[in-house]
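Just one chain is shown here, as structure tokens, and it is the form predicted alone.
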Amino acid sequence: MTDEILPIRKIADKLGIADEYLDYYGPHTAKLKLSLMDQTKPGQRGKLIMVTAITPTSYGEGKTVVSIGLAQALDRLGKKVIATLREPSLGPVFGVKGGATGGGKSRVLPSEKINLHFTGDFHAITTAHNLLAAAIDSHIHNGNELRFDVDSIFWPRAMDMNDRALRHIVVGLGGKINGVPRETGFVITAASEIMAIMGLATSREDLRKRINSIVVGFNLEGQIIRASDLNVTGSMMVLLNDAIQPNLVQTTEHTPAFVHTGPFANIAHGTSSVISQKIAFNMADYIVNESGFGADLGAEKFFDIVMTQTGHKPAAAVLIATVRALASHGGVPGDLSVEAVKRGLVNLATHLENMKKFKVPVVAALNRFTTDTPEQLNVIKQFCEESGVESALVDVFEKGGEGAIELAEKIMRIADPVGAETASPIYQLTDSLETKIEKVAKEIYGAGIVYIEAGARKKLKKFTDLGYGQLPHLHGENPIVPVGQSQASGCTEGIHTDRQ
């Protein structure tokens, strides 16, 4: 299939973006200047539509393709719409997924460039991350004035590739000239804290504050060492200067799309950049925003992290379900029978119930595959009807925007009423870390009891004593990121849940 791709200038014209706000990256891509955030139009405030899904399977539930198809459908209905999507990571591109630009007649273009090097954003984030890692080891090698405890350094290396052999390594071998031996490792770039904080940053100045606040380790006295102590923030900002600007591209039906940042939802918050959303609010009637993984991860983190920091409240949500995924959740691999689908409906029911807890209206989107039968689809539609939830069959892979008209009409109906944006988080920022853990475990994952072992409780107390008890704000002032991933991941060790 050959896709007609328009010059990016024509896509910018649809949004009324003047040349002075664009940095061109070839004929089909442009970066948006951050000054666009200040171009607020009187009375203009788009409606944010969150796209999420049931628990994912290896089949793929189609969050990206449905997000794109829904944006195209809203465009066909005469609405000004922008899809805000994450940038693909090369790990999944060369792994099972094979890309993250949609599929069929619902893709973002130019797909190959977006899936690969694109505008160099991931490379810039990788380099900035590793510059900080190199500065740490260089500082230790050259006298260790900050008195780093080499066993309490949290900052790893990063690369945009799945390389299992590098997850846990020893550096500094080969004598004094090569540094001090210590254990470290590599994370994939999408799991880098630089990726997470760039996704949450609201300006270059905010990004600088967040980088300064990164906790890279402890000294020998158990005190925090931050990135600012290494005087490397300015150099990192230079590397990230262009990467902080969102990327403007188009869908197969020439609907505008902002593709920017790619934090994983299992490590970070799993959505496109706050900056791209802020710009889109000023320009569109609807912003179709995909969140990563299932609703218990991507959607939960949007409500509890992104929304609480930015005020970006979804006016409606789309929860995607597929026959194959529900049959898989039915418990018998390879069994696609109607009975298997019925058994798997408990997964859809739980996600729908969770979305109600966030007080956001939801439509279940049944992403149709060519192998689906009317009987299988009717079972899901009937279940949604009995549950009091609107549903819509979508076929955006084969039909593009035309295949999501029913979904778009239902989304518009529930999102448009004045005061519809009633979404609220599960926990409050003022809650203790233990309370936040318990609320998410019980309300979202169905735990009956949460038991925190002594070692984990000690870590949580230490974080609280250091001023990290009410993330994402430190002492109610500068936004920060959690301490390095190794330490943050260690928090979950010793935390056990029993399901009801």
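Keep in mind it's a predicted model, so treat the numbers as computed, not measured. Each residue number is its position in the shown sequence, starting from 1.
One more form of this protein should be noted, the form predicted in complex with a further copy of the same chain, which is absent from this view; the next part is about it.
Proximity to a further copy of the same chain in the model of the complex, taken as a non-hydrogen atom within 4.5 angstroms, holds for one residue of Lys79, His254, Arg167, Arg204, which is Arg167. Interface residue among Ser337, Gln309, Gln382, Asn162, judged by heavy atoms within 4.5 Å of a further copy of the same chain in the model of the complex: Asn162. Heavy atoms of Asp395 never reach within 4.5 Å of a further copy of the same chain in the model of the complex, leaving it off the interface. a further copy of the same chain is not shown here, and in the model of the complex it never comes within 4.5 Å of any heavy atom of Phe293. In the model of the complex, a further copy of the same chain sits beyond 4.5 Å of every heavy atom of Phe154. Contact annotation: Pro374 falls outside 4.5 Å of a further copy of the same chain in the model of the complex, judged by heavy atom distances. Heavy atoms of every residue among Gly26, Asn178 and Leu239 are located within 4.5 Å of a further copy of the same chain in the model of the complex. The candidate stretches are 71-79, 230-238, 190-198, 297-305, and the one lying within 4.5 Å of a further copy of the same chain in the model of the complex by heavy atoms is 230-238.
In the model of the complex, a further copy of the same chain lies within 4.5 angstroms of at least one heavy atom of each of the following residues of 117-133: His117, His123, Ala124, Thr127, Asn130, Leu131, in sequence order.
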